[in-house]
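Heads up, the chain below is alone and in the form predicted alone; it's given as structure tokens.
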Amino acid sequence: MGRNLKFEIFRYNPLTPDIQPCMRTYRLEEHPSMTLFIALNMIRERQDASLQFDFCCRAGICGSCGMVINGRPGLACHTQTCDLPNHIALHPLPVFKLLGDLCVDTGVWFRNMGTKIESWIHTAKAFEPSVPEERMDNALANHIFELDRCIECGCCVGACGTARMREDFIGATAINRLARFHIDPRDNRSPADFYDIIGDDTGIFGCMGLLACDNVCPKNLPLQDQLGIMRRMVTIESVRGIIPAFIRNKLQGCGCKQKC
């Protein structure tokens, strides 16, 4: 027989604002290899069919089941109950719009963020469907792929102190996304173009350096490294008229594809 787990789950439906938010208690017997995803489904199937939470892939790929688990953002499908104490408290991710209980709307936030940072390849080349794809060095392609592994679960945003205080902060996931285009040789944007997007306190200079984003990322993306690289790039760009070009080029030293 497994442990008797006590779940305290945040409950609130914005469609019934007359009912105040509360924490509701559920108890469940633990089974081998039980994840929070399995536990929540058992609670919904056996105890409370009204419980709302998101899921899709159950394999840590879709990012739908992001939530705050005992005060720490994470994925329910990646979290085994054996790694948690008997008392488990679950809350929805902050920052995002609450849809109900543990469900939040990450889609609108990420879509707006992608539009704000212009998350696409900028090139003056006309598309030619008959022309072979541009070849790329394998090491660079792997580096770009590493930054492209973000599943947009929202855990880094929910853990971010700045994002909790201001709605216009783009967060680590957007800065990581821009870093991906910064090293892509197909993107023709200059450091000045990137500076215009993130060179203020809604972007890279709004980061307080707490690095909770890097600590909670379920895919272990190198968010800390990218924050440092992009901060250095926009800082050098901000003093372009003061520091000689040869010094800027030496300081850049981050694999930038443009001449700085």
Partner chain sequence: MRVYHSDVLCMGAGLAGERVAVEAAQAGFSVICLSIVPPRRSHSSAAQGGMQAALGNSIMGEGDCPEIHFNDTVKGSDWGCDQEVARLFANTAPIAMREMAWMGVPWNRVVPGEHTYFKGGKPFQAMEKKENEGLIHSRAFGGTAKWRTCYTSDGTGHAVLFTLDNRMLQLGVEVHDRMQAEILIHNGERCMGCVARDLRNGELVGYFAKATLIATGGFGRIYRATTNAVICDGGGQITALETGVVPLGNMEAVQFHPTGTVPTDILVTEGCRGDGGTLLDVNQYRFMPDYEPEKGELASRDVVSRRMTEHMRKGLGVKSPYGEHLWLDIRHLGEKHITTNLREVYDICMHFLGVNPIHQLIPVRPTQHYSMGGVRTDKDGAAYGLRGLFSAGEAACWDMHGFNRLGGNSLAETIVAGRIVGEKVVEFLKGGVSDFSSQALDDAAAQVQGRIGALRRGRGEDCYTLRNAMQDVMMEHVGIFRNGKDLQTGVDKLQDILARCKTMRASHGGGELSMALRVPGMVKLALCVAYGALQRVESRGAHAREDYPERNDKDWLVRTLATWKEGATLPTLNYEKVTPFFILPPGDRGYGSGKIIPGKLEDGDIVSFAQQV
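Bear in mind the structure is a predicted one, so any value in this text is a computation, not a measurement. Positions refer to the first chain, counted from 1.
Here the subject shifts to the form predicted in complex with the partner chain, a form of this protein not shown in this document.
The partner chain in the predicted bound form is not approached by residue 23, whose heavy atoms all lie more than 4.5 angstroms from it.
The closest heavy atom approach of residue 144 to the partner chain in the predicted bound form falls within 4.5 Å. In the predicted bound form, the partner chain sits within 4.5 Å of a heavy atom of residue 15.
Under a 4.5 angstroms non-hydrogen atom cutoff, the partner chain in the predicted bound form lacks residue 183 among its neighbouring residues. Contact residues in stretch 23 to 47 (any heavy atom within 4.5 Å of the partner chain, taken in the predicted bound form) are 31, 32, 33, 34, 35, 37, 38, 42, 44, 45.
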